[in-house]
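Starting off, we have a lone chain in the form predicted on its own, written out as structure tokens.
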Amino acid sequence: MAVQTMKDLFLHGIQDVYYAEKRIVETIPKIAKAVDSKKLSEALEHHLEETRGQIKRLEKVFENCGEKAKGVECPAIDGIIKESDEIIKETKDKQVLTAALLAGAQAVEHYEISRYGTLCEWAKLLDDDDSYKLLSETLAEEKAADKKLTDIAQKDVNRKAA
């Protein structure tokens, strides 16, 4: 897709994050199964359900733009997921593996926070209030998920791994 206008850029961003969310839905169950922390596994399962809702919101944003929902390859999210796959294969200590996978989950959250924050601003600039509201809701969920992961890391997972 040739990006010529701000609307094109916004649409490309939506396609990027749509692809990322779909990949995340595929990956969370594997990560939740690999970790050795009930709190972390439960947090991941909860966020999996949120992510499914975020995909539905993105589909509404596509509708607002008069476009069909479709993703474009996102090398950033693919790289984070690939790194997690490698860590699962290479790390034998379950506590260390759990800490590493939690860090990877936070990398995903940080990526999403940056993307949704940008998309919110672009929606405002494009006077697309409906999309802004939808994207803001997702941004708030991503920030809350990151905070929850930080709490689990600091109070449980990282201490056990150390």
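As the structure is a computational prediction, the values presented were derived from the model and not from experiment. For every residue, the number given is its place in the sequence shown, counted from 1.
The discussion below concerns the form predicted together with another copy of the chain, not included here.
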query: Residues Ile31, Ser41 and Ile152 all lining another copy of the chain in the model of the complex, heavy atom within 4.5 Å; finding: no
query: Exercise: Lys147 in contact with another copy of the chain in the model of the complex, heavy atom 4.5 Å; finding: no
query: Any non-hydrogen atom of Leu9 within 4.5 angstroms of another copy of the chain in the model of the complex; finding: yes
query: Partner contact for His110 in the model of the complex: another copy of the chain, 4.5 angstroms, heavy atom; finding: yes
query: Proximity of Ser37 to another copy of the chain in the model of the complex, heavy atoms at 4.5 Å; finding: no
query: Region of this chain that lies against another copy of the chain in the model of the complex, out of 22-30, 42-50, 115-123, 59-67 [heavy atom, 4.5 Å]; finding: 115-123
query: Neighbours of another copy of the chain in the model of the complex among 87-101 [non-hydrogen atom within 4.5 angstroms]; finding: Ile87, Glu90, Thr91, Lys92, Asp93, Val96, Ala99, Ala100
